[in-house]
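Below you will find one chain, with nothing else, as structure tokens; this is the form predicted alone, and questions on how it binds or moves follow later.
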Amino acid sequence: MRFLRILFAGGWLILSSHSGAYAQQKKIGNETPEQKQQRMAWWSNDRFGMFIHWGLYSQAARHEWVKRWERMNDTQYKPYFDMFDPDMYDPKAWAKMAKAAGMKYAVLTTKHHEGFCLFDSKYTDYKATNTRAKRDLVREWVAAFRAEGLKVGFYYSLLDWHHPDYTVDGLHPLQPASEADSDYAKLNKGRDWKKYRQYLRDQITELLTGYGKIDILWLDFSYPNKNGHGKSHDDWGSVELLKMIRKLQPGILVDNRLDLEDYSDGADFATPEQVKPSELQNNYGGLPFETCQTFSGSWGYYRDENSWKTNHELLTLLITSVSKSGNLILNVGPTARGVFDYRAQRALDSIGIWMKWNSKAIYGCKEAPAEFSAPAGTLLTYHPADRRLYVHLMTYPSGGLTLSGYKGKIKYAQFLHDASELKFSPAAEGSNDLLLKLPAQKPNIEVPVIELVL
């Protein structure tokens, strides 16, 4: 993933660096709005996915940007390649955990910024088949997740800190401390950017032609204004790259990190990263969103990092996303042996318990119609096909719940988790508000959900 890092109170404050604002002047293809809506229908219905960040950095176990943060060169980083041996890798177990948590799709890092490929690319030796793993880890992953009925997506880093032709810039581990143009020029002497750009196209072609239908391509990321030493759509050749992607996989969804904001069809969805629920917007310059979030403060496995989100915080992210007609993709960073950290497993189990009883308030749902206001301490999701409104009790009210302006709009009310009836009546004579009676004791579920039949 990408970050703006600001030293704050002794730690790193991680911010999203993309506004997601899209202009409407230019267009790359000829897809109609109706065709796009149909292409994205599954994504808009499923709402919840799994991100998986896995690579050599899992052995360092101190963040996936460890090569950059600690300014390692290739020689210093090489032991991670030599020692990579995920002897307990079982993608079938991963897929079962994702499905049990209620996730409907998954995206795997085929190559992160470190440049190491989990797949058997013919364009590099820096790949899993040349490690002790001795096999294409992506191919096994795709088969396992498809077998569980999950849609599959590939993350591919535009950055590559290992490739000899990838030019040193303001985010590279070899970035000169001086920031002087002359020092950048010395470091980049002999590096041929055209060769790297072709390498990028060749590898993306491999991924989109060698593994069957791919549902999402998550490209990461552009940074055009990095003190004059960044990379933008001109560097990647983003317009032609996107044309190639859509030709190879016409049904694929592509994120918004190719720096194509000047094109109305330069992306399918926005990607607000690690933002608070309160910061999520209903759309981003006309794009629906998929907020990418971690269980803790790192995407890759970080052994000693302890800022793990609670089950309530994770559910708040999911419910808030759907309440604004968006998606949540929640990340797991497997260990170097190829297993999910016990804390990630525990978090997935907890989400799965809630989703087992309340997924009807997530799948196929979106923002509630404007005529329905959310009572204090609640979030609303709405299923338009079933005409059901879901009231998520983020804090449990005592006595009852006032539904302002709901008179004449509700036929029946019940808790979703057990379909037990909830009585309601006018809040006062002549009032348009309804008072929904609730049991004094909160049901034994993290976030109770009320289903209102309209």
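It should be emphasised that the depicted structure is a prediction, and the values quoted were computed from it without experimental measurement. Just count from 1 along the sequence shown to find any residue number.
What follows is about the form predicted in complex with a small molecule, which we do not show.
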property	result
Stretch in contact in the predicted complex with the small molecule, which is absent here, among 212-220, 194-202, 176-184, 348-356 (heavy atoms within 4.5 Å)	212-220
Residue 301 within 4.5 Å of the small molecule in the predicted complex, heavy atoms	no
Proximity of residue 172 to the small molecule in the predicted complex, heavy atoms at 4.5 Å	no
Contact flag, residue 112 vs the small molecule in the predicted complex, heavy atom cut 4.5 Å	yes
Heavy atom of residue 292 within 4.5 Å of the small molecule in the predicted complex	yes
Listed residue that, although the small molecule is not shown, lies within 4.5 Å of it in the predicted complex (heavy atoms), from 65, 54, 48, 406	65
Residue (of 141, 269, 116, 155) lying close to the small molecule in the predicted complex, criterion heavy atoms within 4.5 Å	155
